[in-house]
Structure formats: structure tokens, C-alpha cells
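Consider the single chain below, provided in C-alpha cells and representing the form predicted alone.
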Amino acid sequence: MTDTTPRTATFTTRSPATGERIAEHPVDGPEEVARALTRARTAQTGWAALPASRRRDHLLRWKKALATGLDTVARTIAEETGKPAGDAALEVVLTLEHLAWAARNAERVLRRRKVGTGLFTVHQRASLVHRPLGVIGVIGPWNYPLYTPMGSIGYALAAGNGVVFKPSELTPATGLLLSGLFDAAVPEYAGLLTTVTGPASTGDALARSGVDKLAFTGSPGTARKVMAVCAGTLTPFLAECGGKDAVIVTADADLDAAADAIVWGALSNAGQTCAGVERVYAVRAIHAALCERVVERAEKLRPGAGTDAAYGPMTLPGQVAIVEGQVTGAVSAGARALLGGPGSVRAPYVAPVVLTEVPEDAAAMTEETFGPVVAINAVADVDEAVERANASRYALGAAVFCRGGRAGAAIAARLRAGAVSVNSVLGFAAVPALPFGGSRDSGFGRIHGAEGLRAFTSVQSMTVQRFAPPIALTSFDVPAATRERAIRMARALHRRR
């Protein structure tokens, strides 16, 4: 829902490829955010009271509207981010899959559930139910301005909440289009999803507004600042803060399949993917062969704005210098550039870079690069690969390439990443039933799947006494002999194995 209240402060969005002006958008401050929250709360009261089946139907109408407007949505994403139109369309398709799953599975996941009782509570009937929190604040990123925030928005709405969404200041039109399509598809609950626009100050206002939970995607540093604001009001906080994802390639892996996946995982979206491939650990016996295959594929790819471009520009202008600095630092520290190198940057574009022999303490191995750069280091064996993969302070995603699926799964189980794909990259991101999230500097909490639905609820526990207790212990009138008898029974029971 769009707020038509006059404002004086605006900001300009520009094409990452050309720098040309796209549009002007209002800078929403505390007053505008408060109005958005009020609208969402008003609509959420009736939304939460609906049967889950009715909410499902409404959300599926919204999904239909998104699918019908797919070309328009994809064009808006491509314009604001610079990514190719095909990539933007794929982002919409993945979003539709997740929205459909959340809408159709919320009733099953969140319905009241009976639980067992114990020896001394056999007279009680126990159950638990997940209740919506109220209104969720969502602060979204610019790299996947639809798919990533919808991992919170769609699931929060399916769970019965309202949402106030603050998109990145680089991609506000995508956020406004999203909420506008909701209002058009579900006019009886217009305002349930409201978009506010602006820079970091708008996100700060949202964190202070009194939302019932805040879901944030961004850098660890920004997450710490937002979380500190939320701590002042004990507002629950969910954070997805990026990664430094590793791929392990064993000696018996299909090297062509591994190389193809590594190149796509590292270079798609110009490497601006939180769970993208940034580090590869290949056992020494096949390291050279893998590097050759990766370079062969990567050198065919070109960034640009045309229809023949493999990927687009760096969306965030300042990221160009970070990528260039990491590549230059790695080469200066002894790394070899198998493809590209410090000269690969022609802002706003970065040509593919493939490095090897990168020192493990170089920024290119420890800091999130968020650019089309991949480092492929040799290791003695799988044990060393696992150790190096787990040494990162990030723990978001990972992948394993191994001839046998069971063997690959065994290696994957040793990795501390929140999600792992075997013989593919980012396979988990396309499965709506799987939760997504990490730990350490990658954040905490989960979106997607049943855990993603429950993340936007509170659990209410309930007992209903069915008959008088066989041994009444919750009264000051309980005889001492009765209490002693209960203690003897409990001791005898629990001394058994």
C-alpha cells in the first residue's frame, strides 16, 4: 500500500550499468513508518482471525498476480539491479515456488498439536499452537530484491502476520511493486503488506517502530547495529548476513559437472549471492584438471548490459573497490591468477577471476568478496578440505562433489554450514520445504520451510484437566503421606534405565 502523504525528502535510484536516473522515491521517516505499522496492524487483526484455508486462498491470488505480472516484475528487478532479464525472471519463478509452498502448508505446519503427558500429569490433556506474532518488519537486500525478502514476507503472511517491508534503497521500486500487487489481488486486506522506502535511517526507524519481530538481510556489521536497536525493546531479531561458501571436490568427482556448477555458483549475478561459491578445496590429484575446466568455462563469459552478457554490473558501486582490493591483495600475497586478476575491473563491471594458491589468511579467503571471483586451492585430502571449509567465521552454505551420493552426504554432514548441496550448488535454495540460514557471522534464525513459518509465530502451550488427579500435589492441603508416596513412586520409576 502506498502512503500518499506529502513529503519533501526524496532519493534517486540509478541504473547500475549506466548511472542514469531511474526514479525518485520518498525518504520515509519515523512518522511514515509509524503510519505504515498502524495500517498493517489494523489489517492484521482480521487477517489473523481468518481460517488458514482462507489466508491460503488470498495468498494464492497474490501468487497468481505475481505470475501474471512476471515480465513487469522481472523488468523492474533487472532495471534496478542491472542483472540480465533472464536472471531476474528466474528470481521471480523461485519466489512463486516459495510463496505457493508457504500458502499451502501453513495450516498443516501451524495447526494445534497434541503432546504427551507424564506419570503425574496423566489427568491433563496437553497441546500447543502457533500464534502469529503481529506485524513483522522486514529489511531486504538489493542483490535478490524479491526472492530474499519474500523468504520472510511470504512466510510471515502465511502464518497470519502483517508486514512492513523496507527494501534496499537501491531497489525500492521492486518493493513497492510487490506490495502494490498484494493490494490489488487482496483489496479487502490492503495495507497488510506495506512498503516504506529510504536509506539506512528508514531501516532504523522500522527497528524502533514497535514491530513484533524484525527480519534482516545484510552485512554482519549492519546486523549488529540493527540488533542493538532491537535489544532496547527486546524485539526478536532474525538475521541472514551472507557467507563465504566453500565447495569440496573429491578425487572421484565428476570434474565437468563440478566445474560447471562452480562457475555458475561463483559468477552468476556477478558473484553477488550470499550463498554463492567463493572458495573451492580440491584434492591435489585432481586440482589442476579442475582448474583447467573452470578456466575453460569462465573465460567464455562476459559481463555487460546487452542480451549476450552472462551477468551484469556490480549493483553496489562501492563493492567494485572491495573486489579489486581482495584480488590485488591475494596476488600480492602469492596467489596465482589463472584467469583475470587485478586488471579485471572495468567499473561497474568485473570480468571473471579465477585464483589458486591463495593464502588462507588472505582477505579473498576470509572476507565475503561478493563479486565474480573464485579461489581454488589444493588440499591433501577430504579431512583437510573439511577443516579449511569450517575455519571460516561464516557458516551459510556449502557444496560437495563426490562420485557417490552417500559418500558426499557423509562429507556434507561434517560441514558446519546451515545448508549443503551434494553434486550441485545452491540446490537447497530451490526447495521451499528446506529451511535456510546460517550461524556465526552468517547470522541466525531460519526462513523457508516449516521452520520459516514457525519463525514468525509464538508458541502457546495449553493444558486442560480431564479429571481429578490420581495424586493431588498442587495444593497446600496435600497430606504429607501422599507427598511421600509420590516421591517414592518417582524415585522407583526414574532409577530404572
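Don't overthink the numbering: it's just position in the shown sequence, from 1. This structure is a prediction, so every number in the text was calculated from the model and none was measured.
From this point on, the text means the form predicted together with a small molecule, which you will not see here.
Asks: Hey, of 405-413, 72-80, 284-292, 217-225, which bit sits against the small molecule in the model of the complex at 4.5 Å between non-hydrogen atoms?
Replies: Comparing against the small molecule in the model of the complex, the contact stretch is 217-225.
Asks: Since only the chain is shown here, I'm wondering whether Trp62 would be in contact with the small molecule in the model of the complex (any heavy atom pair within 4.5 Å).
Replies: Taking the distances in the model of the complex, the answer for Trp62 is no, it never comes within 4.5 Å of the small molecule.
Asks: Can you check whether Phe370 is within 4.5 Å of the small molecule in the model of the complex, heavy atom basis?
Replies: Result yes; Phe370 sits at the interface with the small molecule in the model of the complex.
Asks: So in the model of the complex, is the small molecule close enough to Gly312 to count as touching (4.5 Å, heavy atoms)?
Replies: It does not: once the small molecule is placed as it appears in the model of the complex, Gly312 has no heavy atom within 4.5 Å of it.
Asks: Does the 4.5 Å heavy atom contact test between Ile139 and the small molecule in the model of the complex come out positive?
Replies: It does: once the small molecule is placed as it appears in the model of the complex, Ile139 has a heavy atom within 4.5 Å of it.
Asks: To verify the annotation, which of these, Pro199, Gly304, Gly86, Pro317, has a non-hydrogen atom within 4.5 Å of the small molecule in the model of the complex?
Replies: It is Pro199.
Asks: Using a 4.5 Å cut on heavy atoms, which of Gln326, Ser392, Ser168, Ser421 is close to the small molecule in the model of the complex?
Replies: Contact with the small molecule in the model of the complex is made by Ser168 alone.
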